[in-house]
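Just one chain is shown here, as structure tokens, and it is the form predicted on its own.
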């Protein structure tokens, strides 16, 4: 099983028995407000979870969507990097922490470890993330991690009776290294 460890967290491959805890992180009104209604169903997330489990067996591995756990084993969220364009060393990124665990710096700690892994071990050149432009929490996390706003894609999705803009953020390997050196 693939594992990364931080000072306070263990990031590990998901196991089949993790579905309920995984689903609980998505089954929250504040989280759900940025997704279409059909994306908030148990069957939808079961399909996503099955895809995550299948990704752990890929060779070569292109996705590291990991369970974020406390040292006692409590699953508090998920974070991952996914190789989207191997030829150009581009990876997408995402993170979700269950609401009871917000405000403790867990997302930042987990994401920094994922970025270190992606840039150092996977030799990624650029990590990017997209989120709804109205998702201020996700945007604040991206900016806190040193990601830059590449732009806003206007009206990319229609759900909940309105058009939604998408914010695209990215960080380059040399930018991450420079920021990491400053933190040390």
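Model, not experiment: these values are computed from the prediction. Numbering follows the first chain given and starts at 1.
There is another form of the same protein, the form predicted together with a small molecule; it is not shown, and what comes next is about it.
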Using heavy atoms and a 4.5 Å limit, would one call residue 144 a contact residue for the small molecule in the model of the complex? yes
Touches the small molecule in the model of the complex: residue 103 (any heavy atom, 4.5 Å): yes
In the model of the complex, is there a heavy atom of the small molecule that lies within 4.5 Å of any heavy atom of residue 107, even though the partner is absent here? yes
So in the model of the complex, is the small molecule close enough to residue 63 to count as touching (4.5 Å, heavy atoms)? no
Only one of 47 to 55, 154 to 162, 113 to 121, 130 to 138 gets a heavy atom within 4.5 Å of the small molecule in the model of the complex; which is it? 130 to 138
Candidate spot 8, 31 and 95, all three touching the small molecule in the model of the complex (heavy atom, 4.5 Å): yes
